[in-house]
Structure formats: C-alpha cells, structure tokens
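Starting off, we have a lone chain in the form predicted alone, written out as structure tokens.
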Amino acid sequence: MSSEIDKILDGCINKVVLIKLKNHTTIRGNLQAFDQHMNLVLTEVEDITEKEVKNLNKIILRGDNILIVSPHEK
C-alpha cells in the first residue's frame, strides 16, 4: 500500500467507516486495524445493504473483497 493510503486509514482507526464489497454488500463499522493487503478488522459492524440492518459484531475483512472504503460522517 502507498504511504498516502496508510495515512488515510491510520486517520480512520477507531472511527466508523463505510465499506462497499465486490458482492454489492455495504457494511459500516469501527476500523480497529489494517495491514499492507488492506485486510481490515472491524467492530460494531452492521450490514446496511438492505432496509433491515443486520448486526455482524466483529469481523476480519479480506482486502481482496473491498471496492471502496470511506470515512462515515454522522
């Protein structure tokens, strides 16, 4: 990963991010950690793809599945 991406993700640690996945799922959660492959550890995760929000608790998300990561403004 480039140092610019590292800086952006570092600024999102312990903050809520929105993530769009390759399978068209959208999730929201608190970013806890990431690595050079953009694997993410998220807590308080919610699947917000459908009208009904599904709680996923804590997940490890493989970087290969991620299309977009965006800071979430409340």
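Residue positions are given as counts along the sequence shown, with the first one as 1. As the structure is a prediction and not an experimental result, all values here were calculated from the model.
Heads up, the form predicted in complex with a further copy of the same chain isn't pictured, but that's what we're talking about next.
Peer 1: Report yes if any heavy atom of Ala33 sits within 4.5 Å of a heavy atom of a further copy of the same chain in the predicted complex; otherwise report no.
Peer 2: Taking the distances in the predicted complex, the answer for Ala33 is yes, it comes within 4.5 Å of a further copy of the same chain.
Peer 1: I'd like to know if Lys15 sits close to a further copy of the same chain in the predicted complex, meaning any non-hydrogen atom pair within 4.5 angstroms.
Peer 2: Close contact is absent here: in the predicted complex, Lys15 is far from a further copy of the same chain, nothing within 4.5 Å, heavy atoms only.
Peer 1: Would you check, heavy atoms only and a 4.5 Å threshold, whether Lys22 touches a further copy of the same chain in the predicted complex?
Peer 2: Output for Lys22 is yes: heavy atoms within 4.5 Å of a further copy of the same chain.
Peer 1: Taking heavy atoms and a 4.5 Å cut-off, does Val53 contact a further copy of the same chain in the predicted complex?
Peer 2: Val53: no, not in contact with a further copy of the same chain in the predicted complex.
Peer 1: Scan 54 to 72 and write down, in order along the chain, each residue with a heavy atom lying within 4.5 Å of a further copy of the same chain in the predicted complex.
Peer 2: Stretch hits, in order: Leu56, Lys58, Ile59, Ile60, Leu61, Arg62, Gly63, Asp64, Asn65, Ile66, Leu67, Ile68, Val69, Ser70, Pro71.
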